[in-house]
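What follows is a single chain, given as structure tokens, in the form predicted on its own.
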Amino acid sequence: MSVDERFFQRIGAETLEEIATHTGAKLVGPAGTLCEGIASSQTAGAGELCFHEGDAAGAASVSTNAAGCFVTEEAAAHLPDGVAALICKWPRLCHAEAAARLVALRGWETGAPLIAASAAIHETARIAPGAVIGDDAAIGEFATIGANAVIGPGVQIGRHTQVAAGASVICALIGDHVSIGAGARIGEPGFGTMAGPEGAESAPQFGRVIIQDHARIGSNTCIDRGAFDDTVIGERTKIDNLCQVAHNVITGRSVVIAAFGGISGSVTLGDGAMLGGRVGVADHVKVGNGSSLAASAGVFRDVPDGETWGGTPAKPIRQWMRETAWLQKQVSPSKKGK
């Protein structure tokens, strides 16, 4: 998807020729095409740049509307007709360099008031001392914003929602009757990394966080915004204190995540899934509807609907318990040896 201009602002426009010059890419396509924004490879529209760093054949899935796409030499020939190729060794890194010249995260002007004049705050909302509310943010009726909480530009806070002291919410749309605990961090950039000539680089994140109605986010929990798409916390999901939810995670309705849970990027948790304390889920895993993960489970593959898994690597609970019992027998001294 294209970046949401409630949270990001356009700061410039450059031709493909200028972009190629600044990034060191080789341009194959019309030099004068003007680029004003960025997007993912599947959703890029007119005047938007994207990147593709997968296999060469996968480049054919790039949006036919994209103005240009950063690709490797091998993938360039597979781009759809009409999409200019910006050929380079590090497509994602070059895309990030170009993005920094086109869009920027909205912030605060020096000396700006704590509560922006353009913020829309319902007369029944309660704003505690020290709270900061950015430009064009909206606070719904009977919402509560705690002391020293930060609500970023463009953020939408629904009715009867509570944001506790010291929490921060940026790049996010929050529903009704949501509870966000003290010190929680909503919408910060995720742990995106990319390869570069000098080693690992931090990848910028341009997505959002969507928290649906009646969800609870515990104190000091972090929910990262998506890379381009959304991180979504489903209706009535309850997340304990000190949890980490990475970029592009999607939870269904009524998901429960106990303390110290760590959910890696692009994980999907089905409706009613229950995760015990200290569960870790690897990236791109799908946890099925109504499934349960025992405390401290390490999940590296998809979990079918309705099943209970445990252990590391996680497996069906009965199998894990049998293996644990067998192992214990192997290492325990026999009664005859006493």
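The numbering used is simple: start at 1 and walk along the sequence shown. Because the structure is predicted, anything quoted here is derived from the model rather than measured.
Only in words, not in the display: the form predicted together with another copy of the chain, which the text now covers.
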item	value
Heavy atom contact within 4.5 Å of another copy of the chain in the predicted bound form, the stretch among 146 to 154, 80 to 88, 94 to 102, 226 to 234	146 to 154
Interface membership of residue 160, another copy of the chain in the predicted bound form, 4.5 Å heavy atom rule	no
Close approach of residue 268 to another copy of the chain in the predicted bound form, 4.5 Å, heavy atom	no
Contact of residue 175 with another copy of the chain in the predicted bound form (heavy atom, 4.5 Å)	no
Contact test in the predicted bound form: residue 72 vs another copy of the chain, heavy atoms, 4.5 Å	no
Non-hydrogen atom within 4.5 angstroms of another copy of the chain in the predicted bound form for each of 244, 253 and 313	yes
Candidate from 119, 258, 210, 76 lying within 4.5 Å of another copy of the chain in the predicted bound form - any heavy atom	258
Answer option from 239, 249, 139, 171, heavy atom within 4.5 Å of another copy of the chain in the predicted bound form	239
Within 4.5 Å of another copy of the chain in the predicted bound form: residues from 109 to 133 (heavy atom criterion)	109, 110, 111, 112, 113, 114, 125, 126, 127, 128, 129, 130, 132
